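Taking the form predicted alone, here's one chain by itself in structure tokens.
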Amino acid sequence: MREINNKMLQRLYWKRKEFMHAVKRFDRTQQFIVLFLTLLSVFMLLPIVYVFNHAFKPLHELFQFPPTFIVRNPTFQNFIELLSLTQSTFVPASRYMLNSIIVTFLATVGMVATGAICAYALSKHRFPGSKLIFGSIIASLLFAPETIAIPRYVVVQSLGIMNSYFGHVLPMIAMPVGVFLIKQFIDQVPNEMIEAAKMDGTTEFGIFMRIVTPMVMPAIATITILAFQNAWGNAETSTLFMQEDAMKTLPFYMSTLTSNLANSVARQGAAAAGALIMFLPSLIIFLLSQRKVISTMAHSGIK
């Protein structure tokens, strides 16, 4: 362990030395930009630090005035309280967690797959009405989610998928932002490459999976993050389409922790722990895919 720690310290030392040497070669304007961006990045990290500290604060620190940013007496009591709240009910917290994992996985895969396939069809297959369909998809971004709540409820009820995982997943499948973003990348794939693949006998599905998908992977990674965040934090399907508590998800359970209480103090520790649990998966997914996201934002997926 000491040898590993020494090696890590040596690497940090040499990286710091290389960084300082590079900074010295900058002119004053570049040094100011580096300093400004460093301070800005630290400032943007403060909400993440706050979420972590808030989850481990004991109750008296949560309501301390003036409030403290860094936790002084960290405790796991908030997480214990979060798990113990459902011991007296028929549905444990683990059931809500399992439902969220299943729904998030199915919804994310469904949103990314349908978005990519739809974008490929609209981009590389000029059929009658393709422009009208794409325009309708873009126009759907103008509608607030509340405007389609009743039609969506009627569709789900008519299909008979209330109180089922399909009732969670199907309303989230359509993702207009995903279709739009992936289509912009697929438009840059040379048509000659696709025609050459067809002449070699490659099937349409093979072209999509072997040629198009690898070339637009930055956009797909970005849409995966957006789809994951949308599905993981969605409590609407549990509220509207699930009457059985055993089919509801973790976001719905988190929304009920502090609601309908006689005071605003009870369960605040559990709510803070729940906020960290809801935040961690999104942070991990983003850290694993950040390079792809940066490539997408720079629009450099295809040259």
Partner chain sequence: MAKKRVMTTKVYSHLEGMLFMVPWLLGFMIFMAFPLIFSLYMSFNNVKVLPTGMKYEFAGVQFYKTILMGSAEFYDQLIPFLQEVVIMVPVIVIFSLLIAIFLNQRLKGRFMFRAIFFLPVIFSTGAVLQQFMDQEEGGLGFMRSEMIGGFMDAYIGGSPWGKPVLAVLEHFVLVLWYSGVQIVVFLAGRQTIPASAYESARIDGASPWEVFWKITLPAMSPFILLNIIYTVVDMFTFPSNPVITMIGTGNYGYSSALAWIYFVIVLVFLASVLLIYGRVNRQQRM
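Positions refer to the first chain, counted from 1. What we label the rigid core is the largest C-alpha set whose atoms superpose within 1.5 Å from one form to the other. From a predicted model like this one, the values you see are computed outputs, not experimental measurements.
Beyond the structure shown, there is the form predicted in complex with the partner chain, which is absent from this document and is the topic of what follows.
**Q** How about Tyr96: is it within 4.5 Å of the partner chain in the predicted complex, going by heavy atoms?
**A** It does not: once the partner chain is placed as it appears in the predicted complex, Tyr96 has no heavy atom within 4.5 Å of it.
**Q** With the partner left out of view, is His125 within 4.5 angstroms of the partner chain in the predicted complex by any non-hydrogen atom?
**A** Yes.
**Q** Mark Ser41 yes when one of its heavy atoms lies within 4.5 Å of a heavy atom of the partner chain in the predicted complex, and no otherwise.
**A** The answer is yes: Ser41 has a heavy atom within 4.5 Å of the partner chain.
**Q** Residue-level question: is Gln184 within 4.5 Å of the partner chain in the predicted complex, judged on heavy atoms?
**A** Flag for Gln184 set to yes.
**Q** Taking the partner chain in the predicted complex, which residues along 143-168 bring a heavy atom to within 4.5 Å of it?
**A** Stretch hits, in order: Phe143, Ala144, Pro145, Glu146, Thr147, Ile148, Ile150, Pro151, Arg152, Val154, Val155, Val156, Leu159, Ile161.
**Q** Once the two forms are fit on the core, has Ile33 moved its CA by at least 2 Å between this form and the one not shown?
**A** Yes, because once the rigid core is superposed, the C-alpha of Ile33 moves 2 Å or more between this form and the one not shown.
**Q** I want to check Lys57: does it shift between this form and the one not shown by 2 Å or more at the Cα, with the core superposed?
**A** Yes, its C-alpha moves 2 Å or more.
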